[in-house]
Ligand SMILES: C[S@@+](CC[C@H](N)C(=O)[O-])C[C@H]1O[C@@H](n2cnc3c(N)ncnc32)[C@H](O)[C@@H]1O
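A single chain, nothing else alongside it, follows as C-alpha coordinates in the form predicted on its own.
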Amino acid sequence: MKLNTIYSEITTRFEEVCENPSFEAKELIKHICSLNETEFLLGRNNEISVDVTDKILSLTEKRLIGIPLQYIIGEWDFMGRIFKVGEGVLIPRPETEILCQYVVDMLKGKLSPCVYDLCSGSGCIAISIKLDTPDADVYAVEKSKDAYFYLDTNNKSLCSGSAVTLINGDIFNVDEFKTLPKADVIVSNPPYINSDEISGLQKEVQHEPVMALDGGSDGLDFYRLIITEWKCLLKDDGIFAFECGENQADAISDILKINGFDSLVIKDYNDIDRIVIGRR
(Lines give C-alpha, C1' and ligand atoms only; values in the text may rest on other atoms or scores of the structure.)
Protein backbone atom coordinates (compact mmCIF):
# COMPACT_ATOMS: atom_id res chain seq x y z
CA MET A 1 0.00 0.00 0.00
CA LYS A 2 1.20 3.52 -0.78
CA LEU A 3 1.85 5.85 2.12
CA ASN A 4 -0.61 8.39 0.75
CA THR A 5 -3.35 5.78 0.54
CA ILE A 6 -3.09 4.76 4.18
CA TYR A 7 -2.73 8.41 5.20
CA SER A 8 -6.03 9.23 3.48
CA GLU A 9 -7.71 6.19 5.01
CA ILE A 10 -6.61 7.00 8.56
CA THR A 11 -7.50 10.67 8.19
CA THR A 12 -11.04 9.69 7.23
CA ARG A 13 -11.33 7.29 10.17
CA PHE A 14 -9.94 9.84 12.61
CA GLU A 15 -12.61 12.38 11.66
CA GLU A 16 -14.98 10.76 14.14
CA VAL A 17 -12.63 11.17 17.13
CA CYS A 18 -10.13 13.96 16.37
CA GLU A 19 -10.34 17.72 16.09
CA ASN A 20 -7.45 17.64 13.61
CA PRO A 21 -7.60 14.22 11.93
CA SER A 22 -5.09 14.91 9.15
CA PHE A 23 -2.47 16.12 11.65
CA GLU A 24 -2.90 13.11 13.92
CA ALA A 25 -2.83 10.67 10.99
CA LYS A 26 0.37 12.26 9.73
CA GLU A 27 2.04 12.20 13.18
CA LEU A 28 1.15 8.54 13.68
CA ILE A 29 2.57 7.55 10.29
CA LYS A 30 5.69 9.66 10.75
CA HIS A 31 6.37 7.97 14.07
CA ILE A 32 5.84 4.39 12.87
CA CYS A 33 7.82 4.94 9.66
CA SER A 34 10.54 7.05 11.37
CA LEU A 35 9.98 9.94 8.97
CA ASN A 36 10.54 13.65 9.47
CA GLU A 37 8.20 16.22 7.94
CA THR A 38 10.14 16.54 4.68
CA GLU A 39 10.48 12.77 4.25
CA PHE A 40 6.76 12.35 4.80
CA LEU A 41 5.87 14.97 2.17
CA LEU A 42 8.35 13.66 -0.41
CA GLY A 43 7.54 10.01 0.19
CA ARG A 44 3.77 9.99 -0.03
CA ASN A 45 3.87 7.89 -3.22
CA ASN A 46 6.24 5.34 -1.68
CA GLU A 47 5.08 1.79 -0.99
CA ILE A 48 5.09 0.67 2.64
CA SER A 49 5.39 -2.93 3.75
CA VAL A 50 2.52 -5.10 4.94
CA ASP A 51 4.05 -5.29 8.44
CA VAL A 52 4.27 -1.50 8.75
CA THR A 53 0.76 -1.10 7.35
CA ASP A 54 -0.58 -3.59 9.89
CA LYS A 55 1.16 -1.76 12.73
CA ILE A 56 -0.28 1.58 11.64
CA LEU A 57 -3.77 0.12 11.41
CA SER A 58 -3.43 -1.55 14.81
CA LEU A 59 -2.46 1.72 16.49
CA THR A 60 -5.25 3.47 14.61
CA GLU A 61 -7.73 1.22 16.41
CA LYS A 62 -6.32 2.36 19.76
CA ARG A 63 -6.87 5.99 18.80
CA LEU A 64 -10.43 5.24 17.71
CA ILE A 65 -11.32 3.99 21.20
CA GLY A 66 -10.11 7.26 22.70
CA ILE A 67 -6.50 6.59 23.72
CA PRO A 68 -4.57 9.84 23.17
CA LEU A 69 -2.17 9.88 20.22
CA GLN A 70 0.62 11.00 22.56
CA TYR A 71 0.23 7.86 24.68
CA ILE A 72 0.12 5.67 21.59
CA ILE A 73 3.41 6.97 20.21
CA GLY A 74 4.90 7.43 23.69
CA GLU A 75 6.31 10.93 23.24
CA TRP A 76 5.42 14.51 22.39
CA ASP A 77 7.09 17.75 21.43
CA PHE A 78 7.33 20.63 23.90
CA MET A 79 9.44 23.74 23.34
CA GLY A 80 11.20 21.96 20.47
CA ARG A 81 12.21 18.94 22.56
CA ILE A 82 10.78 15.43 22.69
CA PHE A 83 9.38 14.33 26.05
CA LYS A 84 8.43 10.76 26.89
CA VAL A 85 4.79 10.41 27.98
CA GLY A 86 2.36 7.60 28.70
CA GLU A 87 -0.47 6.42 30.93
CA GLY A 88 -0.30 8.22 34.27
CA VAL A 89 1.17 11.56 33.19
CA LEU A 90 -0.39 14.73 31.82
CA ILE A 91 0.29 15.36 28.13
CA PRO A 92 2.29 18.55 27.39
CA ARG A 93 0.19 21.16 25.59
CA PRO A 94 1.06 24.21 23.46
CA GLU A 95 -0.54 26.64 25.94
CA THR A 96 1.94 25.58 28.59
CA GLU A 97 4.78 26.73 26.34
CA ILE A 98 3.54 30.30 26.89
CA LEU A 99 3.95 29.88 30.65
CA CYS A 100 7.36 28.30 30.24
CA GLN A 101 8.65 30.97 27.85
CA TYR A 102 7.48 33.74 30.18
CA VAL A 103 9.53 32.27 33.03
CA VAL A 104 12.59 31.78 30.82
CA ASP A 105 12.39 35.40 29.64
CA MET A 106 11.89 36.68 33.18
CA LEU A 107 14.99 34.85 34.41
CA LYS A 108 17.32 36.40 31.84
CA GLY A 109 20.02 38.40 33.57
CA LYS A 110 19.42 36.88 37.01
CA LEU A 111 22.45 35.31 38.66
CA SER A 112 21.89 31.63 39.58
CA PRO A 113 18.11 31.93 39.95
CA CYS A 114 16.10 29.35 41.85
CA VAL A 115 12.89 27.88 40.40
CA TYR A 116 10.30 25.47 41.78
CA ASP A 117 7.99 23.62 39.38
CA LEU A 118 5.11 22.25 41.44
CA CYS A 119 2.96 19.37 40.10
CA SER A 120 5.71 18.82 37.56
CA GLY A 121 4.29 15.80 35.72
CA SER A 122 6.45 14.92 32.72
CA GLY A 123 8.87 17.68 33.69
CA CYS A 124 8.27 19.61 30.49
CA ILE A 125 8.24 22.95 32.34
CA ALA A 126 11.10 22.31 34.76
CA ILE A 127 13.39 20.69 32.20
CA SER A 128 12.73 23.32 29.53
CA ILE A 129 13.49 26.11 32.00
CA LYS A 130 16.70 24.35 33.07
CA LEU A 131 17.86 23.78 29.49
CA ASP A 132 17.07 27.36 28.47
CA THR A 133 18.48 28.81 31.71
CA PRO A 134 21.47 26.57 32.49
CA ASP A 135 22.55 28.73 35.43
CA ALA A 136 19.22 28.16 37.24
CA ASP A 137 18.73 25.77 40.13
CA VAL A 138 15.45 24.08 39.24
CA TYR A 139 13.43 21.85 41.58
CA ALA A 140 10.60 19.69 40.23
CA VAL A 141 8.02 18.36 42.71
CA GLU A 142 5.66 15.55 41.73
CA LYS A 143 3.52 13.35 43.98
CA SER A 144 2.34 10.65 41.54
CA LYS A 145 4.68 7.65 41.23
CA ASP A 146 3.53 7.09 37.63
CA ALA A 147 4.19 10.68 36.60
CA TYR A 148 7.47 10.71 38.52
CA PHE A 149 8.71 7.86 36.34
CA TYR A 150 8.37 10.07 33.25
CA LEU A 151 9.79 13.08 35.09
CA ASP A 152 12.88 11.04 35.99
CA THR A 153 13.15 9.51 32.50
CA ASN A 154 12.95 12.88 30.75
CA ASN A 155 15.36 14.51 33.18
CA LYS A 156 17.96 11.80 32.54
CA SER A 157 17.52 11.79 28.76
CA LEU A 158 17.34 15.54 28.15
CA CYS A 159 19.51 17.07 30.88
CA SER A 160 23.11 15.96 30.51
CA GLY A 161 25.49 17.11 33.23
CA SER A 162 23.59 19.57 35.39
CA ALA A 163 20.03 18.32 35.77
CA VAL A 164 16.82 19.31 37.51
CA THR A 165 16.55 18.31 41.18
CA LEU A 166 13.59 15.93 41.47
CA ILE A 167 11.41 15.55 44.55
CA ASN A 168 8.75 12.83 44.82
CA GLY A 169 6.56 14.63 47.33
CA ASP A 170 3.18 16.17 48.11
CA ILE A 171 3.03 19.96 47.82
CA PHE A 172 0.23 20.00 50.42
CA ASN A 173 2.89 19.01 53.01
CA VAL A 174 4.69 22.32 52.60
CA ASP A 175 6.71 21.94 55.82
CA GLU A 176 8.72 19.19 54.12
CA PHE A 177 10.07 21.73 51.64
CA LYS A 178 11.01 24.61 53.93
CA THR A 179 14.69 23.65 53.93
CA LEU A 180 14.88 24.48 50.21
CA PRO A 181 16.45 27.80 49.20
CA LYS A 182 13.96 30.57 48.55
CA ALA A 183 12.76 30.77 44.96
CA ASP A 184 12.85 33.50 42.35
CA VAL A 185 9.93 31.76 40.63
CA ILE A 186 7.35 29.23 41.72
CA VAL A 187 5.74 27.95 38.54
CA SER A 188 2.89 25.48 38.25
CA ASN A 189 0.41 24.01 35.83
CA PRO A 190 -1.66 22.36 38.58
CA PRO A 191 -4.88 20.35 38.36
CA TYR A 192 -7.60 22.90 37.63
CA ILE A 193 -10.70 21.08 36.35
CA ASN A 194 -13.80 21.24 38.56
CA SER A 195 -14.38 17.82 40.13
CA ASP A 196 -17.90 17.50 38.73
CA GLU A 197 -16.72 18.29 35.20
CA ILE A 198 -14.22 15.42 34.93
CA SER A 199 -16.80 12.92 33.66
CA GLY A 200 -17.84 15.27 30.85
CA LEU A 201 -14.37 15.79 29.41
CA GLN A 202 -13.38 14.51 25.97
CA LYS A 203 -12.76 10.77 25.88
CA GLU A 204 -9.02 11.13 25.31
CA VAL A 205 -8.68 13.62 28.18
CA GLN A 206 -10.37 11.13 30.49
CA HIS A 207 -7.48 8.74 29.75
CA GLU A 208 -5.17 11.21 31.48
CA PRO A 209 -4.68 10.81 35.25
CA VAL A 210 -7.48 12.26 37.37
CA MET A 211 -4.83 13.36 39.87
CA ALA A 212 -3.45 15.74 37.22
CA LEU A 213 -6.88 17.12 36.32
CA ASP A 214 -9.04 17.41 39.45
CA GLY A 215 -8.68 20.82 41.09
CA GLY A 216 -11.50 20.44 43.59
CA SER A 217 -15.09 21.65 43.61
CA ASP A 218 -14.25 24.95 41.89
CA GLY A 219 -10.93 23.95 40.32
CA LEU A 220 -8.96 26.33 42.54
CA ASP A 221 -7.75 24.12 45.41
CA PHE A 222 -4.13 24.02 44.24
CA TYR A 223 -3.92 27.75 43.57
CA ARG A 224 -5.16 28.52 47.09
CA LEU A 225 -2.68 26.09 48.59
CA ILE A 226 0.32 27.24 46.58
CA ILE A 227 -0.32 30.95 47.02
CA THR A 228 -1.11 30.86 50.73
CA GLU A 229 1.32 28.16 51.88
CA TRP A 230 4.23 28.50 49.47
CA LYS A 231 4.56 32.30 49.46
CA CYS A 232 6.95 31.99 52.40
CA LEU A 233 9.34 30.17 50.04
CA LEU A 234 9.43 33.04 47.54
CA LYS A 235 12.09 35.72 47.61
CA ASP A 236 10.82 39.24 48.28
CA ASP A 237 10.96 40.02 44.55
CA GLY A 238 9.93 36.50 43.49
CA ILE A 239 6.91 35.64 41.38
CA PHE A 240 4.24 33.01 41.04
CA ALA A 241 3.56 31.85 37.47
CA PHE A 242 0.45 29.72 36.86
CA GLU A 243 -1.41 28.16 33.98
CA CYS A 244 -5.15 28.10 34.56
CA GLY A 245 -8.43 27.03 33.02
CA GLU A 246 -10.85 29.19 31.11
CA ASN A 247 -12.64 31.76 33.30
CA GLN A 248 -10.35 31.12 36.30
CA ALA A 249 -7.87 34.00 35.92
CA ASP A 250 -9.96 36.55 37.82
CA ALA A 251 -10.49 34.24 40.78
CA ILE A 252 -6.78 33.41 40.94
CA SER A 253 -5.96 37.12 40.74
CA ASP A 254 -8.27 37.66 43.72
CA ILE A 255 -6.47 34.97 45.72
CA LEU A 256 -3.15 36.62 44.87
CA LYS A 257 -4.45 40.05 45.92
CA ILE A 258 -5.66 38.75 49.29
CA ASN A 259 -2.16 37.38 49.86
CA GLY A 260 -0.36 40.61 48.95
CA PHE A 261 0.39 40.06 45.26
CA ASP A 262 -0.35 42.07 42.15
CA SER A 263 -1.35 40.01 39.12
CA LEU A 264 -0.77 39.99 35.39
CA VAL A 265 -2.95 37.90 33.07
CA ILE A 266 -1.67 36.61 29.72
CA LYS A 267 -3.85 35.19 26.95
CA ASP A 268 -3.20 32.01 24.99
CA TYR A 269 -3.31 31.45 21.23
CA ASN A 270 -7.12 31.41 21.29
CA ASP A 271 -7.40 34.72 23.18
CA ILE A 272 -8.33 32.93 26.41
CA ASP A 273 -6.92 34.13 29.75
CA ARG A 274 -4.46 31.30 30.38
CA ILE A 275 -1.47 32.51 32.41
CA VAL A 276 -1.56 34.37 35.73
CA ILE A 277 1.58 35.99 37.12
CA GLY A 278 1.71 37.11 40.76
CA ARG A 279 4.28 39.57 42.08
CA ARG A 280 4.50 41.13 45.57
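Throughout, we count residues from 1 along the sequence that is shown. Only a predicted model underlies this, so the values are computations on that prediction, with no experimental measurement involved.
Just so it is clear, the following notes concern the form predicted in complex with the named molecule, a form of the same protein that is not shown.
Colleague: Looking at 86-94, 101-109, 69-77, 195-203, which stretch has residues with any non-hydrogen atom within 4.5 Å of the named molecule in the predicted bound form?
Modeller: This holds for exactly one stretch, 86-94.
Colleague: Does the trio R224, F261 and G278 actually contact the named molecule in the predicted bound form, every residue with a heavy atom within 4.5 Å?
Modeller: Judged in the predicted bound form, none of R224, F261 and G278 sits within 4.5 Å of the named molecule.
Colleague: Work out which of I29, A241, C244, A212 lies within 4.5 Å of the named molecule in the predicted bound form, going by heavy atoms.
Modeller: The residue from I29, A241, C244, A212 that makes the contact is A212.
Colleague: Heavy atom to heavy atom, is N189 within 4.5 Å of the named molecule in the predicted bound form?
Modeller: Yes.
Colleague: Might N155 be said to contact the named molecule in the predicted bound form, defining contact as any heavy atom within 4.5 Å?
Modeller: Taking the distances in the predicted bound form, the answer for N155 is no, it never comes within 4.5 Å of the named molecule.
Colleague: With a cut-off of 4.5 Å between heavy atoms, is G169 one of the residues that contacts the named molecule in the predicted bound form?
Modeller: Yes, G169 lies within 4.5 Å of the named molecule in the predicted bound form.
Colleague: Looking in the predicted bound form, any heavy atom of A147 within 4.5 Å of the named molecule?
Modeller: Answer yes; at least one heavy atom of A147 falls within 4.5 Å of the named molecule in the predicted bound form.
Colleague: Do any residues of 133-153 have a non-hydrogen atom within 4.5 angstroms of the named molecule in the predicted bound form? If so, which ones, in sequence order?
Modeller: Contacting residues: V141, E142, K143, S144, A147.
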